[in-house]
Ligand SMILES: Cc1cc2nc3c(=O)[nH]c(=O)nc-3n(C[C@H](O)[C@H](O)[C@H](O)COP(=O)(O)O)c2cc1C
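Listed next as structure tokens is one chain, alone, in the form predicted on its own.
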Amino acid sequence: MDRYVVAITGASGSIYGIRLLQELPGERILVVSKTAKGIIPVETGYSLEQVYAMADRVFEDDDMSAAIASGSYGFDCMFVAPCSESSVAKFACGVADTLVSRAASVCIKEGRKLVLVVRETPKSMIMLENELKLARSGAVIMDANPGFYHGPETVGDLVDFIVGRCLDRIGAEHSLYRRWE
């Protein structure tokens, strides 16, 4: 099928979602939370229009009738990058009050891949328990903690390491970082 959902939530690190849009094979569906809409231009210099143009389809976060809100609409994986701890809490508690949280709920109930690029530190016990609950439900918790063995020289290299690890979760070929040898 090669259809992927990328959700960008209101945590710092919107460049992770943008780089995923640039690197994912197949159809790319995008949802951007209200808070993320304000963060993207500040952190990245990209306009929302530029980010939207990287996706094949864009849904608004309040569009609860969007295709991805239904379990009968197929997609291979959903990436929430970055994933705020507020979003983690919603997902862990089954709160589906936005399209992002509803689509994540669909992933969990349908047994689909859900990769959360969590961008928060330090973490409280509540945050860790929410992440554990989601991991036990099948979600992949991928903290935005880059490796350094590949000799990164730029911030882009650090971002590409995390994006490459996301692509690894779906078996997509890439050369975003040098693998451990």
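The model shown is predicted, which means the values in this text are computed figures rather than measured ones. We number the residues from 1 along the sequence you see.
Although it is not shown, the form predicted together with the named molecule is what the next lines describe.
Residue heavy atoms within 4.5 Å of the named molecule in the predicted bound form occur in exactly one stretch of 119-127, 62-70, 135-143, 23-31, and that stretch is 119-127. Under a 4.5 angstroms non-hydrogen atom cutoff, the named molecule in the predicted bound form has G10 among its neighbouring residues. In the predicted bound form, I39 approaches the named molecule with a heavy atom inside 4.5 Å. In the predicted bound form, the named molecule stays beyond 4.5 Å of every heavy atom belonging to S105. Using a 4.5 angstroms threshold between heavy atoms, T35 counts as touching the named molecule in the predicted bound form. The partner is not shown here, but in the predicted bound form the stretch 72-91 reaches within 4.5 angstroms of the named molecule through a heavy atom at S84, E85, S86, S87.
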